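For reference, the chain that follows is the form predicted on its own, supplied as structure tokens.
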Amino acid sequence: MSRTYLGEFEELVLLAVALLEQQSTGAYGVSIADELKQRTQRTTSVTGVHVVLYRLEEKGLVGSALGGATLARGGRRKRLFTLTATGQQVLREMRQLRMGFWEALPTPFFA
């Protein structure tokens, strides 16, 4: 299998999905945009997040399904995203790659 490459924003969205799918609210466009803003101090549009989510879904890294309708959303349903097994593997590989670089840096680099 060839390696899957992700851009920085794709990686951040994938990480947010991994984090939020563990929580009761789930991972959906607004919750992911809020998580990214909180953790990166960067404002992202929900539309931009959705573009990346659908790209990640095409790559087989996330899956999605419609959640239940809620009164808070005027009876509309949310599209909830979850990590696929391939998405989990890609995150593990990216973590290993980045840790390899960080661990190879000389100690005075951090002094």
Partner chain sequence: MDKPSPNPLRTPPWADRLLGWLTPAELLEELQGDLQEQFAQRLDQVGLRRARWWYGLEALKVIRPYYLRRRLARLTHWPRDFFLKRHATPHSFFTPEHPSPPLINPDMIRNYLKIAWRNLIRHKSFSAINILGLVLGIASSLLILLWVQDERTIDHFHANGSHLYQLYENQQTTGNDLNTTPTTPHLLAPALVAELPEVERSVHMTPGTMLLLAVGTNSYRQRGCYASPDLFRIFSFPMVQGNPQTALVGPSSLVISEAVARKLFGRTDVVGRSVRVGNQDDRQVTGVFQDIPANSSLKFDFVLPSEPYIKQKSGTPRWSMNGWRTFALLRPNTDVAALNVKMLDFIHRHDADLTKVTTVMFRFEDTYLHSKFTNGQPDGGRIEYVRLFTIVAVFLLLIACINFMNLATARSAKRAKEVGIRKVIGAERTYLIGQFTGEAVLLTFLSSLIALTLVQCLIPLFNQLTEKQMAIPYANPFFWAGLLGLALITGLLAGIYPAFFLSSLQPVKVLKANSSTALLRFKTGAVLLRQGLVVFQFTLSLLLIIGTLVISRQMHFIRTKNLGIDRGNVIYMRVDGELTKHFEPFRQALLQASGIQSVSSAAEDPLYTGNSTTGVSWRTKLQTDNTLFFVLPVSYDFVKTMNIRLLAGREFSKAFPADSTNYIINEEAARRMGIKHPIGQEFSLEDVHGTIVGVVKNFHLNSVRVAIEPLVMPLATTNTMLIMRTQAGQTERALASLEQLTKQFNPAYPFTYTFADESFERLYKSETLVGKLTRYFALIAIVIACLGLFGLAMFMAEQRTKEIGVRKVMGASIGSIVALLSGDFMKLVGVAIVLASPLAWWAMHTWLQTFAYHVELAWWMFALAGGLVVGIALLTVSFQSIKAALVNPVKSLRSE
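Residue numbers count along the first chain shown, from 1. Since the model is a prediction, treat every value here as computed from it, not as a measurement.
Keep in mind that the form predicted together with the partner chain is not shown, yet the notes after this line are about it.
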item	value
Partner contact for Ser45 in the predicted bound form: the partner chain, 4.5 angstroms, heavy atom	yes
Ser64, heavy atom within 4.5 angstroms of the partner chain in the predicted bound form	yes
Partner contact for Ala85 in the predicted bound form: the partner chain, 4.5 angstroms, heavy atom	no
4.5 Å heavy atom contact, Arg76 to the partner chain in the predicted bound form	yes
Heavy atom within 4.5 Å of the partner chain in the predicted bound form - qualifying residues of 34-58	Asp34, Thr43, Thr44, Ser45, Val46, Thr47, Gly48, His50, Val51, Tyr54, Arg55, Glu57, Glu58
